[in-house]
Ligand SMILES: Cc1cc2nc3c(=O)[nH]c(=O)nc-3n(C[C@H](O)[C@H](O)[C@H](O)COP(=O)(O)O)c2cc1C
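First, one chain by itself: the form predicted alone, in structure tokens.
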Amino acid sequence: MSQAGTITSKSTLDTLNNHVSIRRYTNQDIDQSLLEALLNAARRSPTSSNMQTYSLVVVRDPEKKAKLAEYANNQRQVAECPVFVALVADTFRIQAAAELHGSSVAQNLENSLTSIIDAALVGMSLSTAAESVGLGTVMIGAMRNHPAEVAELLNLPHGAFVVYGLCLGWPDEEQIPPQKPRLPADAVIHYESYDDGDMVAKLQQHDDELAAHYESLGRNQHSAAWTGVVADKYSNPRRPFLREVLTKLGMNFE
């Protein structure tokens, strides 16, 4: 689409069904008016009890994006995308609201969990809205590798941290990857009650489909293309420092 013209968008179903993570972008910038339209659409996302315990930090500055990329294991798309958006779980505003009335927020797990869910919902809405108008996106969970440093770089207040980041850019058409297979529908969609029957067979089916996908791309992948990776990745605790660091940033998980 032309940014100078009328915004045209794909249907929500088409957008979701055609989703792939985009990590390579053209040099074309994202017009500020389009970006603001996407951000404001995302702000209509559901939020628990209208608390709106999230914030969006939009980063265009090349030096700041380069530093964020460094914190994210040097993922080049963070530095190269024209716009990077940090999805922030933010309890700072509700504390400020409470102080207006001589009160304070009783921080606990529920409040922290609510803010994380709020941030996740608005980020998914932003991603879907962006893809519906032809932009490419990829979510960056590695923002949690260095949460304190990221919070300092973005000048976050006490009671806030970056749950994940979102790269936005116009896709390099020659670098758009094919879709990966997803788990079989009957492994993740259940009616009335959870059905764990034949789960091993369903997981092995997904291993085969994913291995064939990687083979079609010329990538050597062992036959347990999903279960083997999951077993390796989750055999040790991931980011074991998170509770301590996020507590210092003002979140509570008790």
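Start at 1 with the first residue shown and count on from there. Treat the numbers as computed from the prediction; the structure is a model and nothing was measured.
Just so it is clear, the following notes concern the form predicted together with the ligand, a form of the same protein that is not shown.
K.L.:
Taking heavy atoms only, is residue 157 within 4.5 angstroms of the ligand in the predicted bound form?
P.N.:
Residue 157: no contact with the ligand in the predicted bound form.
K.L.:
Look up in the predicted bound form whether residue 101 has a non-hydrogen atom within 4.5 angstroms of the ligand, and give yes or no.
P.N.:
Heavy-atom contact with the ligand at 4.5 Å: absent for residue 101.
K.L.:
I'd like to know if residue 184 sits close to the ligand in the predicted bound form, meaning any non-hydrogen atom pair within 4.5 angstroms.
P.N.:
No.
K.L.:
Check residue 85 for me: does it contact the ligand in the predicted bound form (non-hydrogen atoms, 4.5 angstroms)?
P.N.:
Residue 85: no, not in contact with the ligand in the predicted bound form.
K.L.:
Out of 141 to 149, 108 to 116, 93 to 101, 168 to 176, where are the residues with a heavy atom within 4.5 Å of the ligand in the predicted bound form?
P.N.:
Result of the contact check: 141 to 149.
K.L.:
Pick out the residues of 12 to 43 whose heavy atoms come within 4.5 Å of the ligand in the predicted bound form.
P.N.:
The stretch touches the partner through 19, 20, 21, 23.
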